[in-house]
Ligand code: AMP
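Have a look below at one chain only, the form predicted on its own, in structure tokens format.
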């Protein structure tokens, strides 16, 4: 029985899909810079979500968006578009920036062994649909026009504050100093921004006779409407999305289509690095490539993330990453032992299955930390390990293939040589196996092999 924590109700609930296919939407990256390891925390947790759904025999239709326009430096409709900022930083066009960092992101995505999304949706492919959505919101009385753009009037939606438990009166009072005269209410937000003459914004489309571009929040509501239809089963994102981005998505969908956007909302917390927020000014912005330069693989980092809980604040250190690498190495050594116990011939050993307990832990609101502890303290069959790899996506089996029969024969020959105290031949065989990447642990019942990498 799968249980998930629902941000909308603030409760852990038994998951009940709306139909035969579970519709999942994941807020994707803004593609203006190399993603850092903090970005991949969320995608690791939502990859686990999809894998868990499939392990429970649900069919899944998942959409991942790529924000290539409209996300301003401030989430509150102020500042420079992040794509424009990236273009100026690197002396490229915004289109070149988008293409380059989409490629970087998808390459990293594959390196993290995430299941491919069924639909990868670029925001710029949905501009006409955005315009239609704004037309509907306007026709339904939820917007007003300023010189700056088309704004959503949150006062027209009594339930606007419910999802995030917002204090709108306090927000309005706090906004009196320096309050933007573009807005009627402090919580109002742009669904479409106009570009003024002389303004440097390369991505532009004509709407209402003026050049402009969609507000950041609109792309997700539009993509969900066009690709999945409302309501979807699960909408995912970070906790920072709750008070603004996701609240605004809900409002837009209600105003345009009169529908609930999603039944279940899931949000992960942040990671810190050495106890501090990830920040360029602190010099602690690490990419997957930075980890590789220190000898760590994407699977080591994924192992570290899965060792905790998606709702917990995680503190990353290189010592903790080293521990995660060792944990994964220990798991791979256990897989190698399963192969050897089976003589490289069978699918299963005589070890009783414990995977049901592992899945039960993950089914309890994606409690991967508890599942990892069960794995550490249990003897798993080879069949169980294959299921663990399908659940976690850690390349355990791929990176730990069975050795060739000739290698088994060499191990048996070495065991015989050691029994006869022919240590010269024993050492020769050991060195030969090491050249194949196979190391040995000797014990009274014979050597146990593992991969020396």
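Positions refer to the first chain, counted from 1. Computed from a predicted model, the values in this text were never measured in an experiment.
Although it is not shown, the form predicted in complex with the ligand is what the next lines describe.
Exercise for the section: State yes only if every one of 38, 82 and 271 has a non-hydrogen atom within 4.5 Å of the ligand in the predicted complex; otherwise state no. Expected result: Every listed residue reaches the ligand in the predicted complex, so yes.
Practice task
Could you tell me which one of 400, 44, 30, 26 places a heavy atom within 4.5 Å of the ligand in the predicted complex?
Solution key: Answer to the contact question: 30.
Handout entry: Heavy atom within 4.5 Å of the ligand in the predicted complex - residue from 329, 336, 278, 164
Key = It is 278.
Problem - Location of the ligand contact in the predicted complex, chosen stretch of 137-145, 108-116, 123-131, 234-242 [non-hydrogen atom, 4.5 Å] - result: Partner-contacting stretch among the options: 234-242.
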